[in-house]
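Shown next are two forms of a single protein chain, provided one at a time as structure tokens under the names structure 1 and structure 2.
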Structure 1
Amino acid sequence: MMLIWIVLGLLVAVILYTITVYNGLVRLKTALANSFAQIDVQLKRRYDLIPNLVETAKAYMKHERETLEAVITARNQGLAAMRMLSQNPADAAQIGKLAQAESQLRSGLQSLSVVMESYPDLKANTTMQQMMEELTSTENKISFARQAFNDSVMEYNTARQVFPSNVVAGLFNFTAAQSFEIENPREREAVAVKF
């Protein structure tokens, strides 16, 4: 009789423990998804920001049409690729296009900020300063969102690897998460926005 009670008690303890670990893992996984969504949000935000920036710059930069157009074209391509991706996230061709547009956008913005150096009026323009601040901030937000995502991945992966949580993780098929790595090292560089 006593033995039955002990076994029953143990069973209940195990079940309670499993539930706790399961919930913890789910929470971490949700945080992970949220962190990933943040990256998306910030990328979109940048695409929204760029047309305004270019409009303001246009008024001052009469001779830099090419630079500005390059930025806008890259932005439009990136946006299009992102729209396609939102319909079919596994489309490898669109991912390639997005990556290409992103790298063009980066170099475009970089040359824009270099060109801006020779337009003191434009640099002094309050709207432009505000916009550059927003752009700097968005670039930062993108990298912080990536970093937060990677921190989330680390927490999640650690939680599902340590004993005895790994038993629960294996039981309910919590697969390892992949951290956000950028293949092309040049893409890691944030756009240097200078004033």
Structure 2
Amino acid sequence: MMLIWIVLGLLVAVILYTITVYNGLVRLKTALANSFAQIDVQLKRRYDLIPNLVETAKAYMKHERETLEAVITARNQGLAAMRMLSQNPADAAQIGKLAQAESQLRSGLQSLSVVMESYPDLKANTTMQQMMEELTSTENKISFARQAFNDSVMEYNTARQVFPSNVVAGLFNFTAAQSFEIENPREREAVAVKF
């Protein structure tokens, strides 16, 4: 009889531990989704700002159509990748697509900044100056949000990899999350906006 109580007590302890670990992993995955939502907000803010920036620049930069179109194309690719990723922030393939789109957009914005140097009237335009200041501010916010997301990814991945919670993570299919990293070291820098 005593053996039955011991076995039953161990079984209850294992079940309670499994529930505790499972709930902890769910909390971490939810925190990861929330931290991606912060990136999502800032990227959306930037994606909304870019068309206004391009429209303002168009009036001055009639001969720079390729640069402007490259920025808009990269913006649209980034927006599409962001929408797909918002459905599952732990999806490594979608993180890669968003990082690639972000790299293209960052490159396009840097090209736009260089081209703008050739247009003194555009640099003097107050609307353009305000938008570029807002873009710079948004870039900083994106960097902070990306850092918070990567911290959440690290915490979640660590929790799902340590023993014995890795057993629970494996049983309930908690897959690894991917950090939001930029491949090209030059692109890790915030977009330089100069006037």
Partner chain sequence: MRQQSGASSLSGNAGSTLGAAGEARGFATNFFQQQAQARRNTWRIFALFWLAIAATVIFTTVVIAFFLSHSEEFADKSQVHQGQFVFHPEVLLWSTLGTLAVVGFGYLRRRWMLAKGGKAVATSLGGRLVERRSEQSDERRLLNVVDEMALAARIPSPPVYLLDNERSINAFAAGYHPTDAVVGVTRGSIQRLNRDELQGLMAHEFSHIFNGDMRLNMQMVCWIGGLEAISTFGRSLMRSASNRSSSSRKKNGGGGVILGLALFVIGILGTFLASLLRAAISRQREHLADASALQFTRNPYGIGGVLWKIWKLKDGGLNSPYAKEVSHFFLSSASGAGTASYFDFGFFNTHPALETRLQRVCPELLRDGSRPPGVDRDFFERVESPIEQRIEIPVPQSAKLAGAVSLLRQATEQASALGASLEGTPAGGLGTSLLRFAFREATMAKSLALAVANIRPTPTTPTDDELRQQLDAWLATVDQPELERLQLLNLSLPALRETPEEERRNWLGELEQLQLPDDSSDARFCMLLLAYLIFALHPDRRTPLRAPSQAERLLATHQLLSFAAQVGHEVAAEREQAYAAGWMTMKRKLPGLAAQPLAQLHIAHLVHAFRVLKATPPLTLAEIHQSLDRVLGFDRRLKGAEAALVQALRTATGAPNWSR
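From a predicted model like this one, the values you see are computed outputs, not experimental measurements. Residue numbering: structure 1 sequence, from 1.
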Index of the chain form predicted alone, chosen from the pair: 2
Ser152/Glu134 same rigid segment between structures 1 and 2: no
Angle through which the smaller rigid unit swings between structures 1 and 2, given in whole degrees: 28
